[in-house]
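Take a look at this single chain in structure tokens; it is the form predicted alone.
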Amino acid sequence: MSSPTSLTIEPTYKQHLGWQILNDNETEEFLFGGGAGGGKSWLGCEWLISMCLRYPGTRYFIARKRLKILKQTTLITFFKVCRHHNLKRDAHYHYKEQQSVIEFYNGSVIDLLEVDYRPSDPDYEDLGSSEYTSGWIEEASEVVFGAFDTLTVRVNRQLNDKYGILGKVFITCNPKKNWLYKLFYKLWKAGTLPKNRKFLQSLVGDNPKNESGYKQKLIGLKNQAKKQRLLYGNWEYDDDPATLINFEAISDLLTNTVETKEKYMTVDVARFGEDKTVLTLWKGMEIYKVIIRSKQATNVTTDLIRTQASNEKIPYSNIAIDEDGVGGGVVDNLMGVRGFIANSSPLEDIRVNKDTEEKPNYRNLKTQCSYMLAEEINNHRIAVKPIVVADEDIDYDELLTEDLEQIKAKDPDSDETKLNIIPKDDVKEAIGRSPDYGDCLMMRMIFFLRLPNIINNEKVKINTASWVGTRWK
């Protein structure tokens, strides 16, 4: 069997423009895509395969937030591209699954990398000794800036001088207002991208090779924000004057540093429906652990809270549980925790100087805590660096970002004197699910509020030996 040294490609027009950038001697960081179905994964696979064939002994990477998803998606496309070009597995290349490595017959290598954020390795030191010719970050909207920043200094280090190759980081993504927006789209739109950085948008209409029903599937999306992003490539999909939390501040949650003090827990309770039961554990204002369960009975949730409180040494008075709906039963079984009732009256903010600051007029407790959360995030006083424990594959960072983007003022231009936020049903319609992850952050604000005076034995339980606990509504 002959060993090819090049590929015969038939790119779309946008892919053709992408090839020109991938082969120039100027661009070091190239963002391609910005929408679904634009042919970005196919281009990435063809580019890396062609580089491996042309330059023996070179080394590349394909990086994605989670290796499992990379193997289930991008790797499948890679094999499809190889078959398209008559490249045979175990003849032209070997795939070593255990090592997550693809080796070509001429000594060129592609490493498959997981670049999920881990609190134990915040600076991605695990990648510190890796040396690559070039590489590709797939679905970069899921990847934190620290991973991108580290990978940019790992290229240009494997036979680049020998072959006269400029090391490049190829980036593919769907629109998201994070570091990609700031470093690429925003500067591209303003015409101020530096010469070593390029952005080329490719959407579903730019790729005639898509399956016939794919575009219709995007057109039929009910989630308008997702439709704007995936179908139209709209990076400004969340520009809404009613939005309370700045998108850059949301992006900074993963890299903020805050003082970690006393431990807390906030819990959003679900039962057997589609919503999730979410336990969020805090050290001061830093989230360090998140436990997510699906279709779980409330008695199991109660036991889980007890276990976590004991193991993590969290006092019950530092636990807030959503008391609306099925959460009320959990609160009843955990004497001393704080029940959170969204539509109850606002409380006194212990951070506010009553003599010098005007007290805002909130519609209810949830509105009050939502505005407080927005203030904390916008002022970079919260950090999110959790170990996520879930009973199914969940992209916590993405889901939390969606939830926080939906915290918006209701009728901000109204003459209504009481501040309010858009109702939960509207949020569910916008994102297609309950905002359980954001609600756990919102409930953390209750610990900045003073509980009402408890003066009757319906709200306090006392025995002759000691104070036992409180419930308030």
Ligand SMILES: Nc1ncnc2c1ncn2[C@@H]1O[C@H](COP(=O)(O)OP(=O)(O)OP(=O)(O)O)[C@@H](O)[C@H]1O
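In this text, residue numbers run from 1 along the sequence as written. Just so you know, these numbers come straight off a predicted model, no measurement behind them.
Although not depicted, the form predicted in complex with this ligand is the subject of the following passage.
Within this chain, E139 lines the site of this ligand in the predicted bound form, having a heavy atom no more than 4.5 Å away. For E29, no non-hydrogen atom is located within 4.5 Å of this ligand in the predicted bound form, even though that partner is not displayed. This ligand is not shown here, but in the predicted bound form it comes within 4.5 Å of a heavy atom of E46. The closest non-hydrogen atom of R89 lies beyond 4.5 Å of this ligand in the predicted bound form.
Judged by heavy atoms within 4.5 Å of this ligand in the predicted bound form, the contact stretch among the candidates 441 to 449, 47 to 55, 33 to 41, 419 to 427 is 33 to 41.
Site residues K295, G327 and S434 are none of them in contact with this ligand in the predicted bound form, judged by any heavy atom within 4.5 Å. A single residue from the set K162, K195, K222, K80 has any heavy atom within 4.5 angstroms of this ligand in the predicted bound form; that residue is K80. For the options K261, K209, R306, K189, the residue carrying a heavy atom within 4.5 angstroms of this ligand in the predicted bound form is K209.
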